[in-house]
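The form predicted on its own is given below as one chain in structure tokens.
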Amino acid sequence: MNTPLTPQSLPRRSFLYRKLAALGARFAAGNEAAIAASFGGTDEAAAAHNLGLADLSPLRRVGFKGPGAADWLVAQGLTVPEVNRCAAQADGARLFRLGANDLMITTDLGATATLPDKLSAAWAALENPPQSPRGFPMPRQEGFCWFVLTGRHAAAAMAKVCGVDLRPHRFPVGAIAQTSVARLSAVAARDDINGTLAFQLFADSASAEYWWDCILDAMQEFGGRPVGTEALRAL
């Protein structure tokens, strides 16, 4: 009989792994970390279509900031959108442009996109001092927790904790709001999953447990529940 994987058995774990375990999460390995793959019970894909909250905090992400950062990423072959927009990359990774030279790159939901690691390696391999401005890396892996809110009630749930109008007809796919969510400075980006409304959410990792509880509380009246990465990939 196989022993279930536990967060403590891998080098990385979510900022709120204890809460996830208490909710019955089944963990899977990815990015040398334990990721909440499912929570059991009824069909999680259906729950994600209605209103689901997933924790992606262990998945790989990297940031670059400072003069020349955007130009350097363009030179690496990335699609760099306008400020406060996000864009898919060739391998499924996402680039979030938070400022003219403040950018974050995340892996995909399946943790197969290797772009964050490739960029970190490319930056480290450059001459020091560099021949041209290229900015500097930002610790987005440690500094931000990362949640995804999905489903037809996602905008209504967000309205309870965020003052920005995130309804689909007002907040288009690819848009980013840098705002307050449950009284935390946060990044909310619309990034639908196969036609299902979805918001990528980032905030201070030190407040991850508080933020998770606040968002779950806002979801209750709509029948929302935690979901794992398997449900997201099934959308």
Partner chain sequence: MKIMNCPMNGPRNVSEFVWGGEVREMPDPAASDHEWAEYVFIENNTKGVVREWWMHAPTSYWFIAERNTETDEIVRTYPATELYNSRREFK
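All values reported here derive from a predicted model rather than from experimental measurement. Positions refer to the first chain, counted from 1.
We do not show the form predicted together with its partner chain, though everything after this point is about it.
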{"property": "Contacting member of Ala87, Val83, Ala75, Ala122, with respect to its partner chain in the predicted bound form [4.5 Å, heavy atom]", "result": "Val83"}
{"property": "Contacting member of Ala37, Ala177, Ala47, Ala208, with respect to its partner chain in the predicted bound form [4.5 Å, heavy atom]", "result": "Ala177"}
{"property": "4.5 Å heavy atom contact, Leu98 and its partner chain in the predicted bound form", "result": "yes"}
{"property": "Close approach of Val164 to its partner chain in the predicted bound form, 4.5 Å, heavy atom", "result": "yes"}
{"property": "Its partner chain contact at Thr196 in the predicted bound form, heavy atom, 4.5 Å", "result": "no"}
{"property": "Interface segment, criterion being heavy atoms within 4.5 Å of its partner chain in the predicted bound form, picked from 29-37, 178-186, 66-74, 48-56", "result": "178-186"}
